[in-house]
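The chain below stands alone and is given as structure tokens, in the form predicted on its own.
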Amino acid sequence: MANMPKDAGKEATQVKGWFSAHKWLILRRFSQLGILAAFVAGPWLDLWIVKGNLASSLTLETLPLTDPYILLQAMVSGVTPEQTALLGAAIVLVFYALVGGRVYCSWVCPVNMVTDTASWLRRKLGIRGSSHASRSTRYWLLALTLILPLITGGIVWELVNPVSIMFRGIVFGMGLAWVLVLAVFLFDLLVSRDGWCGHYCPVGAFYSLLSTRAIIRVTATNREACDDCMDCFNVCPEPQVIKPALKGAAKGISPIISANQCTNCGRCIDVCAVKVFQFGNRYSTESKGGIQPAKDYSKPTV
């Protein structure tokens, strides 16, 4: 992949038009900014659409939502959760089990806007070098974040979690939060391509575990049209998930991207000028002609 073009999606823009070549990116930004706006409307405008934060919230005084990862850390530390927190976690778990856990990373997490910007600038500047940390590192860190509460009796990870710190900074003022956000940006820009989200973030590791049987999937339905431009690999934050579905026809592998690390961000759909990819569901693609699903090469090895 050393010769990947810096202007991934340029041909798609020429063929499909600018909006179609950025449609899913735009929708993701609306989602991320809309969620943030719903939270800040209360303290900023006294319009309480959502009360709480990304860890635990109540929407329209009715719908409880709880981050199951943070709740799990709290329970390990010895906290007995209230029924409302358990209900909120159950709702979130069911939702992400159906649509794919890594959807949290690409459609909700505010840090994604920072890492996407770093990735885009990295391509524009032609920065090639990258660290070679294993993508399973995030699972070791996930395990560590669950061991520390057991030892310390506190949710240690939340003291340094870039997602929580950035959210608090946006709502209440960034202050020193800028330092951590800048560090993540510079790390992804200069040290490792998609380094934080793709190799180290335990939040993404946790939510990926909910994606094993998720219904909504990106599929390489029109893979025979692929012209090997590499744009999809260039923009994908988890490029290792693409090849089995895209190049597995000769081996009878389904065109579904079944790896639980896929974030369903839709960028491969956007940047493909020949419309190889589209959103679909796992059953319609796996049931045709006895085709086998693509092997999930991104499952944790720990």
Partner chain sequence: MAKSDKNAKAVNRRQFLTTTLKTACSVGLMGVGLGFYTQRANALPPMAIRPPGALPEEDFLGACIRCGLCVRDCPYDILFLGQLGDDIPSGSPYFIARTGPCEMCEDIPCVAACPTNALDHSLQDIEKARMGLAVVVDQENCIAFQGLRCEVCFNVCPLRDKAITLDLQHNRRSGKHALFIPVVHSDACTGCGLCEKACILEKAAIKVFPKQLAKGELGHHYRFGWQEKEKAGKSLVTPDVKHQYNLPEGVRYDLQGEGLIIDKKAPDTPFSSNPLDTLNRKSEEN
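Bear in mind that the values here come from a model prediction, so they are computed numbers and not experimental data. Residue numbers count along the first chain shown, from 1.
Form predicted together with its partner chain: not shown, discussed below.
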Among Ile242, Leu246 and Asn260, does every residue place a heavy atom within 4.5 Å of its partner chain in the predicted complex? no
If you check Leu180, Val191, Val99, Met113 against its partner chain in the predicted complex, which one has a heavy atom within 4.5 Å? Leu180
Could you tell me which one of Cys229, Ala214, Ile155, Val163 places a heavy atom within 4.5 Å of its partner chain in the predicted complex? Ile155
Please pick out the stretch from 229-237, 41-49, 22-30, 273-281 that is in contact with its partner chain in the predicted complex, where contact means heavy atoms within 4.5 Å. 41-49
Leu93: heavy atom within 4.5 Å of its partner chain in the predicted complex? no
Going by a heavy atom distance of 4.5 Å, is Gly126 a contact of its partner chain in the predicted complex? no
Its partner chain contact in the predicted complex: Glu224, any heavy atom under 4.5 Å: no
Using a 4.5 Å heavy atom cut-off, state whether Leu58 contacts its partner chain in the predicted complex. yes
Within 156-180, which residues come within 4.5 Å of its partner chain in the predicted complex, counting heavy atoms only? Val156, Trp157, Glu158, Leu159, Val160, Ile165, Arg168, Val171, Phe172, Gly173, Met174, Gly175, Leu176, Ala177, Leu180
